[in-house]
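Encoded as structure tokens, the following chain is the form predicted on its own, with no partner shown.
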Amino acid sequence: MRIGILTSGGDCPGINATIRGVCKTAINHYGMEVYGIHSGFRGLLDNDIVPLTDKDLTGLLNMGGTILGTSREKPFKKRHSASSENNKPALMLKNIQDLQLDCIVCIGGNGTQKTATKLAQAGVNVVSIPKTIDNDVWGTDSSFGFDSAVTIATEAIDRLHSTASSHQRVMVIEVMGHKAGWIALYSGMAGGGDVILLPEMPYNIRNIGNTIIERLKKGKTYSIVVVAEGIKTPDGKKAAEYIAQEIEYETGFETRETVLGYIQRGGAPTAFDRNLATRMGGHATELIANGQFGRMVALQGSRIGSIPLEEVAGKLKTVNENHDLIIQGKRLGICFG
């Protein structure tokens, strides 16, 4: 068999480990030919494709980013004008046929899963692998990249404790998560946050202020506030900046904000993500070998399995307020808004 592999959407730790897992299994165990598609779905439009050998995969396990490059190209997105832009799906399908690719492996987040589903509906053999630091791809308990992002965010929160304590001030740290607050929840709990704000849960700034004041009355002279970037703010103000200003206004305490940003997406993956990426990559190749197409690899409990792509597209996995970490956090006295 001849398979093509691409990475699409934002970068995150573990993509290269996944490429390695797919390709080494395909080459060494199943004897398949493997082709790397550059710059996501754009590579299928431009025929920017190169053969990959076992030698090309050396050193990928702990390498950040993606050796194939990525883009946010959405070939099935309808354009308003009758331009050549609307011919992208046909061009892509022609190139796949001309290259005689028996399957396309798509590594990416929610947008990629949608495009992969449309590719499958157009008759292309597709297997996809979920990739996101936000952990918001529906149907998998976890995606590679999430554990790495949480580890980075937690370390940052740990470091803020010493500054907040020394200066007796409130520190607000903003982490990634537009619609899902998984990073804020997991890093906030692991880092000992006193207030944790998620996009899924409403908040009252007075409750936050009262929490900080009550901590002071107990002799706790500083507080750590962890906010997801996607929490609702007036007029679209930046999350950390807005919350810091409001806390200072409500309490009179000196408050500073830190935005962690793209640091969460860069660098080497954690050991957990390396192993998850390796397992997911290997399972994707197994699906191809067995002719099980139109499926997304998924972590289900401790087992790697798969689910139909059409069940994934258009859905989002968000934090439920009954999550055990939130319930336990409230019992500890942590404010969730």
Ligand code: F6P
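Worth saying up front: this structure is predicted, and the values here are computed from it rather than measured. In case it trips you up, residue 1 is the first one in the sequence shown, and so on.
The form predicted in complex with ligand F6P exists for this protein as well; it is not shown, and the discussion that follows is about that form.
J.: Could you check which residue among T132, T115, T140, S148 gets a heavy atom within 4.5 Å of ligand F6P in the predicted complex?
T.: Spelling it out, the residue with a heavy atom inside the cut-off is T132.
J.: Can you pick the one in E246, E229, E257, D194 that has a heavy atom within 4.5 Å of ligand F6P in the predicted complex?
T.: Checking each option against ligand F6P in the predicted complex, the one that comes within 4.5 Å is E229.
J.: When the contact criterion is heavy atoms within 4.5 Å, does K74 count as touching ligand F6P in the predicted complex?
T.: Although ligand F6P is absent here, K74 would stay clear of it in the predicted complex, with no heavy atoms inside 4.5 Å.
J.: Though only this chain appears here, would H178 touch ligand F6P in the predicted complex if you measure heavy atom gaps against 4.5 Å?
T.: Judged by the heavy-atom cut-off of 4.5 Å, H178 is in contact with ligand F6P in the predicted complex.
J.: Does K88 reach ligand F6P in the predicted complex if we count a contact as any heavy atom within 4.5 Å?
T.: Residue-level check for K88: no, no contact with ligand F6P.
J.: How about R265: is it within 4.5 Å of ligand F6P in the predicted complex, going by heavy atoms?
T.: Yes - in the predicted complex, heavy atoms of R265 and ligand F6P come within 4.5 Å of each other.
J.: Hey, of 154-162, 200-208, 170-178, 118-126, which bit sits against ligand F6P in the predicted complex at 4.5 Å between non-hydrogen atoms?
T.: Going by heavy atoms within 4.5 Å, the stretch is 170-178.
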